[in-house]
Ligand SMILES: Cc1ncc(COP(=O)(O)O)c(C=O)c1O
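One chain comes next, on its own, written as structure tokens: the form predicted on its own.
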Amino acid sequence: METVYLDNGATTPICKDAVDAMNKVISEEYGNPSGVYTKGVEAKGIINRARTDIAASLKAFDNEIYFTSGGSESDNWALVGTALKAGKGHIISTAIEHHAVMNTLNTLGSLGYGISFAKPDSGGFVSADSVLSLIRPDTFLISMMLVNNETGVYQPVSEVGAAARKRGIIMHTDAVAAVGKVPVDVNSLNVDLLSASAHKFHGPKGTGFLYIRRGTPISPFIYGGGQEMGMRGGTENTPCVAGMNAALKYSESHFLDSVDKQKKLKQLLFDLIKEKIPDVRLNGYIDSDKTAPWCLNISIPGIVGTSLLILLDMKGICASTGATCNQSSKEPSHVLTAMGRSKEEAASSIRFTLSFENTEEEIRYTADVLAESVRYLRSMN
């Protein structure tokens, strides 16, 4: 096989609908959305239609969707923007968040804000009680991801959000690993802020959005000419916004048929790996309502994950050892160590993230190549 792409948690192939939408804007609708002439009005119309469509998908209002450069900016804005408004106080998060959240919170901690992290269980699930037990009188924000990007474990955002609302605490969720893969309703989730990124659901890179519930106290993040309803300055990226809108529609059209297919492929991959490779340890869950059907994270004793990735790549298989944006770091996954894995277990981990475009033939091929590669690496050790 030329390429078996099983790293959809890192990024997804851009869909034809998004490419077509972007090409049309680039070649024909190139006006500045702030312009008062026809070309500018046409570009503004594209931005507004995308805002309306994305808001409808999330069961939100149009003026609650703000376009950004992606998930990292959205996370930074949610945290820093609310912290600036609060001036001081306490923030609660979890020990398994994306680095866009973790590193931002560590910076806020160095500036005098109180920061607390709830820990997960050995399967990567953070209970609502463990989060709510950290609430203090000065707590103004809770940030909890919806689906963990490394293990695929769902987190109890709705339950935590409901409790936070009763206490007047702002609730943020990093939903980058969920939007476009499962239905997301900001009202049933009880969130005030939600981050998303287009390239996780077959859209362009460098584009995303932040949902901000009306009335949520938050400061602008980029100051400039007053774009994005005065909250984020800078000329809007009209082509990528159009591509993101098209990609979300494309991904949503596969919601129903993709979940069962991915669940079966994930189970098949895990069963084949267990059959062919001794001593494999699952990081997360396999057949549970706590886990996303597209993510399989395992540790394989006796190997180093990065070495295994090289061998897989030589056979055309794309995977990762965790959060791809942190692959250059020599530190083990903070998610897996928070789950109680040793540094050695974390270093021996590998993550496969599927999409509805994968096939059973690809899964069987991957299991065979993985087993062969592990035998080779163990023999070398």
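For every residue, the number given is its place in the sequence shown, counted from 1. What you see is a predicted model; the values in this text were computed from it and never measured.
What comes next is about the form predicted in complex with this ligand, which does not appear here.
Colleague: Is it true that Gly71, Asp75 and Lys200, all three, sit within 4.5 Å of this ligand in the model of the complex, judged by heavy atoms?
Modeller: Heavy-atom distance to this ligand in the model of the complex: all three under 4.5 Å.
Colleague: Choose one stretch from 342-350, 63-71, 42-50, 308-316: the one whose residues place a heavy atom within 4.5 angstroms of this ligand in the model of the complex.
Modeller: It is the stretch 63-71.
Colleague: Flag Asn297 as yes or no: does it have a non-hydrogen atom within 4.5 angstroms of any non-hydrogen atom of this ligand in the model of the complex?
Modeller: Close contact is absent here: in the model of the complex, Asn297 is far from this ligand, nothing within 4.5 Å, heavy atoms only.
Colleague: Using heavy atoms and a 4.5 Å limit, would one call Asn149 a contact residue for this ligand in the model of the complex?
Modeller: Looking in the model of the complex, residue contacts with this ligand include Asn149, since a heavy atom lies within 4.5 Å.
Colleague: Even though this ligand is not shown here, does Ile92 get within 4.5 Å of it in the model of the complex, heavy atoms only?
Modeller: No.
Colleague: Residue-level contact is defined here as any heavy atom of the residue lying within 4.5 Å of this ligand in the model of the complex; does Asp192 satisfy this criterion?
Modeller: Residue-level check for Asp192: no, no contact with this ligand.
Colleague: Identify which of Ile212, Met145, Leu79, Ile303 has a heavy atom within 4.5 Å of this ligand in the model of the complex; exactly one of them does.
Modeller: Answer to the contact question: Met145.
Colleague: Only one of Val176, Val160, Val153, Ala242 has a non-hydrogen atom within 4.5 angstroms of this ligand in the model of the complex; which is it?
Modeller: Checking each option against this ligand in the model of the complex, the one that comes within 4.5 Å is Val176.
Colleague: Which of the residues spanning 42-63 lie within 4.5 Å of this ligand in the model of the complex, based on heavy atoms?
Modeller: The stretch 42-63, when checked against this ligand in the model of the complex, contributes no residue at the 4.5 Å heavy-atom cut-off.
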